[in-house]
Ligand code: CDT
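Next up: just one chain, as structure tokens, the form predicted alone.
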């Protein structure tokens, strides 16, 4: 008897700056109901699903953007999603901007977060994005800002894995998916499903030559992470033309083999589903990627001991020519 988990990747089309939370939650509920009709047990929503991607605008005073953040989850706007999911017996993962408060109500931290909720409505965990891309200072010459490092700080908790949905579940957000360490840290905890929300502009301002490769790179990093760690990966996008910026889309569900088993066809609200055999993970975890048998961590210490690139020293003299010539 294999462990089957039917997952829905609930892509969202654009969420505009003027869209109210309630209207966005209605869209999430519509996708949730689609999932219920298809027998889905877990629905995954995108990064910053409740708002537009506000780091594309720079403000000097962050308090002017407090309304984009959630200070509790659930709250009045999202409670209907929590209630309906519990009534239907469907779990979900939801990306949102989080603002934590101290006892006086003052802001202490700002995170790009994702909450995981079980089928009975219980909160499994909240993950806070680690790899924060973009820039911290105003760059007015850009066609749009990517000021995530101004709006968010890296999460303090690392990459966790939790017992949920009959398996071992991990989470990551957007830029996290580009880093192999993300998957490997979870792989070393036996992860069987990685849930990733993302909001990726097709135009990459620092190097536009990468624009044509946006879809390829998106598939590459998630498929590699799935295969090299023997895990399912569910990548869910905010897609389409949002506030003048074209977002990638191409939400997908990827098997432990690295194969894409489902992918969205539009840049609108769209639900794709797959029945994921969690026992499939063992085919890779117990063969090619049997970590206990094949890993050599004593030779990987540079990965955690060093942050940037350190080149090896140059030879003081050129090597001699084996034919006796200089």
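If you're wondering where the values come from, they're calculated on a predicted model, not measured in any experiment. Numbering follows the first chain given and starts at 1.
A second form of this protein, the form predicted together with the ligand, is not displayed here; the remarks below concern that form.
Remark: all three candidate residues (53, 148 and 174) come within 4.5 Å of the ligand in the predicted complex, counting heavy atoms only. In summary, among the residues 74, 160, 134, 190, the only one with a non-hydrogen atom within 4.5 Å of the ligand in the predicted complex is 134. This chain lacks the partner; the member of 250, 199, 78, 229 within 4.5 angstroms of the ligand in the predicted complex by a non-hydrogen atom is 199. Picking from 125 to 133, 81 to 89, 162 to 170, 230 to 238 the stretch near the ligand in the predicted complex, with a 4.5 Å limit on heavy atoms, gives 125 to 133. Under a 4.5 angstroms non-hydrogen atom cutoff, the ligand in the predicted complex lacks residue 216 among its neighbouring residues. Although the partner is absent here, residue 178 sits close enough that one of its heavy atoms falls within 4.5 Å of the ligand in the predicted complex. Of all the residues from 290 to 318, none has a non-hydrogen atom no more than 4.5 Å from the ligand in the predicted complex.
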